[in-house]
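Before any questions on binding or motion, here is one chain by itself as structure tokens, the form predicted on its own.
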Amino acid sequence: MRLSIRPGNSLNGQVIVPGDKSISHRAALLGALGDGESRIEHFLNAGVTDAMLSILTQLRVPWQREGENLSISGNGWQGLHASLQALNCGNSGTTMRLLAGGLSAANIPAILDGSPGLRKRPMKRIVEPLKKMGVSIEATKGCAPIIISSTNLPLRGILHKMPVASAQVKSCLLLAALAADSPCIIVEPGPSRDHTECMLSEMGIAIEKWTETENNRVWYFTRLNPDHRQLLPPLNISIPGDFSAAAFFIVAAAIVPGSCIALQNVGLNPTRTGLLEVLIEMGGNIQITERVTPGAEPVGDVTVRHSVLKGIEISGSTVVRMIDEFPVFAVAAAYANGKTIVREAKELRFKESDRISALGGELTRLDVDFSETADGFIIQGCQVRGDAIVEAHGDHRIAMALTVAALAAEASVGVDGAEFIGESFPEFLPCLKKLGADVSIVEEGNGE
């Protein structure tokens, strides 16, 4: 599918973004493992979460969805049943990695598979520590399909030091650790998102977090103290708006002259909001109002106005706290005055696409001065030309970021592969149009 974006219109109004994708994944799986009726409000309805719910059906876990409300009838550890068919995780690495941990704890044999893109993503990072815990698991050349065989419980607690901070890997191991005979300690070189820890703590699981400094480097520790697969209670939560979805509108308002966008009920978990801090440092006109809400996840409203941005240098823990926002951050950098340098972001090469290479190729088509490095990129800010057709590379975030880039360009832009936006944010285009953007679908199909 090809989009046509005609720049020139300011963006004004209010947006309520869909439920947080990361929390929706976790809520669905933990609801399935819980004992009783879980009720989840503002659940994300999108391709990635549809994959998780389809898998719960294969595992014979009853669920019902009415609009954005999801109910799951969990029956504890006995409530999941092995499927004769492979579990199709679609294009979602989160689905695959979280399921690997949950199924290991539940002692459910399975084959986890997915799209051609998902089959390219590295899975040794979960397979190797799970093997140390006692899980009988194999990956195909280090990637999916992943095969989990029945194992003898309890699993072993381990101390695992991760070379790269990853909430997906950490969550996989924490879920498996629910069935361990001793504590599991996970060590990361940065503060990855902690939604799993928040939810497990609310469900009564003992989790400790602390930091230690070694050779002038801060390491982040998470320890789960299992209680022999204790029964998990059902969930009763309202999921905040997805900050990663809000990020596209935050950058759009900042770069498009005359714009003012108010985003309501956005998740403001500090492990996710690195982009906000970076944009403010770049000169972004951003107002944040936090709300008092039940639950461990902070929530608030964000108002953004057109801003004169300046280049910045980013590395270290900030990278971890905005890892999913780099596609749209690169757009902000393209419109900023001066040079922006990103280091220590090699993890971007292992997402739905190689986001460093994909961003470089497509932004260059728009006359952006983009230099690729091994672990990041350098952008010399300029006025984005437009008058080109760019490609999403099968990546929902690349598709939305390029759409945002076109909103302030000098000439119209076409975005091919826009159908992938539905993976995480089906209402993205209607929201943009409501704000005043001139965006239209000009070609159905794959855009070729």
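For clarity, every value in this text was computed on a predicted model and none was experimentally measured. Numbers for residues come from their place in the sequence shown, where the first is 1.
Omitted from view is the form predicted together with a small molecule, to which the following refers.
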- State yes or no: in the predicted complex, is some non-hydrogen atom of R26 no more than 4.5 angstroms from a non-hydrogen atom of the small molecule? yes
- Contact label in the predicted complex: S424 to the small molecule, heavy atom within 4.5 Å: no
- Message: Taking the small molecule as it sits in the predicted complex, is D324 in contact with it (heavy atom to heavy atom, 4.5 Å or less)?
- Response: yes
- Message: Is L276 near the small molecule? Define near as a heavy atom within 4.5 Å, in the predicted complex.
- Response: no
- Partner-facing stretch of 70-78, 206-214, 226-234, 90-98, counted where any non-hydrogen atom is within 4.5 angstroms of the small molecule in the predicted complex: 90-98
- T340, S166, S353, S259 - the one with a heavy atom within 4.5 Å of the small molecule in the predicted complex: S166
